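What follows is a pair of forms of the same protein chain, given separately as structure tokens and numbered structure 1 and structure 2.
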Structure 1
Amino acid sequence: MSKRKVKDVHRPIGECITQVQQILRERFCHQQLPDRPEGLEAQYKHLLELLRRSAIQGESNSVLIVGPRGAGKTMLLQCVLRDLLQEKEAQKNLLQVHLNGLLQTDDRIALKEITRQLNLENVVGDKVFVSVQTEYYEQILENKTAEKSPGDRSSSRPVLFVLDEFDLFAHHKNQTLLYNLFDVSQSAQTPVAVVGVTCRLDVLELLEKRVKSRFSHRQIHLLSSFGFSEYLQTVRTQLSLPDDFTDRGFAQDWNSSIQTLCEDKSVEEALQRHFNSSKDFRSLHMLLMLCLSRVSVSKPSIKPADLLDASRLCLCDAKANMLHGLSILELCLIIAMKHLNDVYEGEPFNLQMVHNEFKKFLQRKSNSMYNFEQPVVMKAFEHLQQLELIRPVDGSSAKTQREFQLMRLMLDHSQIMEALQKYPQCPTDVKQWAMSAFG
């Protein structure tokens, strides 16, 4: 009786809102691994069996996990490792090395990271690796894994290499890291499992012949196969409060308001747009976090207008928004670049061409626009390059004078026109120039 009274007690609205914020923020930011990955049972079983053979039986393996961003590649691997390490033998034997193609940008950095994660700095010492060779990898792995007999494979501890953004490692010079890892995995010295995680379907085409011949060609494909109804149910689940919430009355009101929110037609349309653009749950959590930030004591529930505003923030074009803060001169230079793109069908341009195009406009509309000097125009051009609205053409010579260096515009017609419509106090002549066919 007393327990029920405690559960049914009504807490102040401020305390309830604080608790809601805490529970949902933890849910969105610190995602907990599911007991079993939903819809990925076959892939889970395949990967677990593969890594179990490496961890317990000392079998060398290599596999690629391929799928679009947000499909659950990392989550699948983490679930498999969590369940695998619950087995005592695997927990005792398995060594792990996690590398990321965005961080380990060349083989020297990767080798240092491998030695750091295997706690082998003292063994390797201050030796400088002028060229990364297979013998060094074998030496590192043997120093760490051999326990009793150096040539006895059964006495070596297996090493798991996880290569996130695997396709970026293929761009390393001569693909030395990949070659050595796959080569060591085929040697009889140390059991090694190499798991690559990538979102590129054509990743095997990036590998050199010698690397490809040492890879096992095992691939685990993950596809975002769930539909919009499952996506909508996920939104409802993510926003709902648990049954053990302190104030049960508040929790029931909150959950019923979430149910009503998900049934709203405008909300469904907004979520459909998100679903069509990306099925990534990280982008969904960002959307829901923006909705949650609008909840307060005066507004203790999420309204359809909150989700629509959050949706507009998430889907807004960052580059188009950046154009709103440019000066009139910088905007005119972008319009000149747009006309050059139209005339020369997307060919690269340089500052001199852009300035000449701008001068033509000034000659026609000299009354409404100020004639800027060359250094001022160059400064505005450099600012556009710093904002990455334009970029140098690949392979353009660094010795070329700045005004003749070839550039490309990183904006399309719709982005420029949208920015012009929203630009505060934009001169009419500039708008007309932008809308004219070829300036």
Structure 2
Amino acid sequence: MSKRKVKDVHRPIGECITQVQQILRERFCHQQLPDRPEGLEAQYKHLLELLRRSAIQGESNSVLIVGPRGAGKTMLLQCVLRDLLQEKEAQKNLLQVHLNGLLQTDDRIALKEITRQLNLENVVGDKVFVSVQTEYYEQILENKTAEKSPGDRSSSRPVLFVLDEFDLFAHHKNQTLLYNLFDVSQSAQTPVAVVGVTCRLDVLELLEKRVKSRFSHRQIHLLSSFGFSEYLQTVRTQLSLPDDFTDRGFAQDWNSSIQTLCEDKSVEEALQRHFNSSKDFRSLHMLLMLCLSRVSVSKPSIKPADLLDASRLCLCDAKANMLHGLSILELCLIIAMKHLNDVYEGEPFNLQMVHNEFKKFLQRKSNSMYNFEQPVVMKAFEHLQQLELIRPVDGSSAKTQREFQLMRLMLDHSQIMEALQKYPQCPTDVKQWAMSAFG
């Protein structure tokens, strides 16, 4: 009897790399749902229970999922919905309406979207009510549920409303939509579940009194309360290949290289810096995506240098990069502005003052800079304004001439000094002028 041998499949390296890219890109860029959300077991159970009661037992509920950006709120909700819909009864009965505060900026648009998603266009026609009454909502819900289960009046189909960017709905006029939804969830016969997802922790303050009283005050918080070791673990699992990869040998090599990567000291430091600035998954995915983009056939693994480079790219100062590309005249103007800020303690300045300061430098210290005409200096000044490195102080800009309009510098002292160090071929007298204490 021949034993069944497990065949070790070896694919060419190009194919392996392509597959690795495919899998990891799906994870980082496409927000693929994990089997189970990590670290959120309690919240997962709570939400699942709640929605199951609504879907199967006909209870009306309302809940808010609150947490900072990138904490995994939408991911949690999608996981719960996916698992809920695996139960046959829920799948048969549950109606879903998904609204987003960024898209449905108005109650009218939201109402149109609801009717569209519940397929009620033939019933309602083109009429859109400007001031919506609660009865309208009850009516459409009854219509819908009655339509689908005609024989069985007692069991109406439950409806799930998911409101993304919930805090934006609170800015609509009179909060009519929210009021009606919560009202229906409290009083109507049809079971309605309202789930709001928001990034603002103070969302309840935004609600009006009548809306707040109809809300069940049930909140699920996702506060990313994990430590650095769990963060490292997450990095490792995010970068590892799953067990069902076609080439087992390659997958094992890859996973072990990821292991050594995570144990490297410099990598740990870089990750600690990222962890200290933000714990959320999105910035982690951005960092890992940059590392992944360097993986190719000629370099089939992620090295510590890649991660350090990616980290540097993520954390670089954008304004310093822009300062690097300025012409020498513009840089001198910025140094003149810095001196003016030092002497007059941050009061706004105008072009004439800056030009005057620059002319003083030219008279006393400079041998490399040429005395440019006023219009040329004006053009350089306007370029700086276009880049928003300086901004006009709010005031009547129409009545003042351009040379006399007051501006503020939007750069920090340290940013300017740092940019000067990196500036290519900076003349020494300009550098010395910048370092000196007073103009």
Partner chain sequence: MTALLQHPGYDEEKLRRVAEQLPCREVQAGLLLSLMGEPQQYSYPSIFIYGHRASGKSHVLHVLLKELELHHATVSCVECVSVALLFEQVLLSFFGCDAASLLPRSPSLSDFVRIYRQQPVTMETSSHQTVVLNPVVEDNVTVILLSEIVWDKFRPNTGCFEPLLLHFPDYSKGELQQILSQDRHPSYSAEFYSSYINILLGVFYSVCRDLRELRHLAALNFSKFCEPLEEGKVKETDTHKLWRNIEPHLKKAMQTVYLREVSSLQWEQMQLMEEKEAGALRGLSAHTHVELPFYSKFLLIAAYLASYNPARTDKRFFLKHHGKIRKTNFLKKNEKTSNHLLGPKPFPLDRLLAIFYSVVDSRVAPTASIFSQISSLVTLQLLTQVSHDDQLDAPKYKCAVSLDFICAISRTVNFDIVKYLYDFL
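Structure 1 provides the reference sequence; residues are numbered from 1 along it. This is a predicted model, so every value here is computed, not measured. What we label the rigid core is the largest C-alpha set whose atoms superpose within 1.5 Å from one form to the other.
- Note that the form predicted on its own is the one shown as structure 1, not structure 2.
- Domain rotation between structure 1 and structure 2: smaller rigid part turned by 17 degrees relative to the larger, from C-alpha superpositions.
- With the core fitted, the CA of G70 sits 3.2 Å away from its counterpart between structure 1 and structure 2.
- Superposed on the core, the two forms differ at R52, whose C-alpha moves 9.7 Å between structure 1 and structure 2.
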